[in-house]
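Okay, so here's just one chain, in structure tokens, the form predicted alone.
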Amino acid sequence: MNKKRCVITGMGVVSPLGNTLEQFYTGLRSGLCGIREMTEWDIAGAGTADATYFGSPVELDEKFIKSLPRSMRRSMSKISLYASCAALQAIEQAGLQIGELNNQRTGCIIGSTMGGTSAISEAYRIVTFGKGLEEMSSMQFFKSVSHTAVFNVSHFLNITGTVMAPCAACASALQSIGHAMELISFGKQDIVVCGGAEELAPEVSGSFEVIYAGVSSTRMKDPKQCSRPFDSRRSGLVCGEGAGIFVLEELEHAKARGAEILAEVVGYATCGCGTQISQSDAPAIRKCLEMVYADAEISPDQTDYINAHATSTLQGDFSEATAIREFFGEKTPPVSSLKGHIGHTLGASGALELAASLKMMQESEIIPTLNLESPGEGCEGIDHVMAEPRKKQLDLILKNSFAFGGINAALLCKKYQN
């Protein structure tokens, strides 16, 4: 069976550096960092001289929130608001109207880690310390569930085709985009609104601290310096939030309506490790890279840039660098990570970072890894982009995402050629 070609016609972003792709990219190019001390979090042990928590939060425009009909807004926690804002940007760039999406040929796939974490916490507070179920809103369930972002966005946009919600932590967004590509490639959908979203929560950040994957000010005092992908002084990840949403479309469908084509999605792969749930595994990552290039039927030596997952954890960065070095050989493509700028946005990370990578493709430049000063042991031997943006024509980019649970995902996008 000949697979149909899948292209990107719209992108939308809500990020710690701005709530449009232009604002986000300008912040990245300027070397800004969205990470700060989360003084508003009420966590036992936090807020003292010895233990504070960092995060990379979003400031969403109140005008957008109030512009949503109350009938829709009442079922949305922050994660759904972020996803809805980014989705609206994406369909507007794609030249689509909400009414055009109400058909069985348009789908929606949006992943996340846990769903509406703030709503989950609120429900716990009500049941445990409040008046009990009588105080609970009838919308609490709809704000909390793991698929809250996708069903709220599909409702907002009146999408009636395939609706799915991958829930694979840091791999969620790439799995969403990859599944969307497959639906289009095999003729099951013409358009899919897809990506990932996440909301920042102390419960999630605190969990990373417990398993020694997170970074607190006890180890790095300056929030702007604490996320250090691949660096010798890296000591853990910092959680962030936001959303990245794309419009994926079958090529001939996009051409027939005169849509601007931003890039083509040419390969996707996802696989499990099978042996490890809490540590990244270099052989499994390498296998995922082999699979994505086989899917695209493209030689790895054509790759112009790798946007790494690189979360600033000791084991994760080491494993990814090892897999890249072993897979690509002596001369690796240029590599950078954006988590020094925005922290780890978990279920949104793959989509936010892909959007930035496609903007790099448009601008023919590579954003460097913020705070990478000296590659750590085992992270050497790959072509790190450091300190300053690097001018380079980018025709083929690789985006990596690797999640706890041993779940790996990779996506290949190339500059569109008719």
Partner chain sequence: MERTELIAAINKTFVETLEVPEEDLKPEAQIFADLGLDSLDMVDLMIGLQRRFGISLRQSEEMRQIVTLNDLYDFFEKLEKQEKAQGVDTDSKIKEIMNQDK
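Residue numbers count along the first chain shown, from 1. Everything numeric here is computed off the predicted structure, so don't read it as measured data.
Not on display, but discussed next: the form predicted in complex with the partner chain.
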Can you tell me if Thr275 lies within 4.5 angstroms of the partner chain in the predicted complex, counting non-hydrogen atoms only? no
Q) Counting only non-hydrogen atoms and a 4.5 angstroms cut-off, does Phe142 reach the partner chain in the predicted complex? A) yes
Close approach of Thr128 to the partner chain in the predicted complex, 4.5 Å, heavy atom = no
Determine whether any heavy atom of Gln279 comes within 4.5 Å of a heavy atom of the partner chain in the predicted complex, and answer yes or no. no
In contact with the partner chain in the predicted complex (heavy atoms, 4.5 Å), from 81-89, 312-320, 133-141, 223-231, is stretch 133-141
Contact check, 54-81 vs the partner chain in the predicted complex, heavy atom within 4.5 Å, ordered by sequence, gives Arg70, Arg73, Arg74
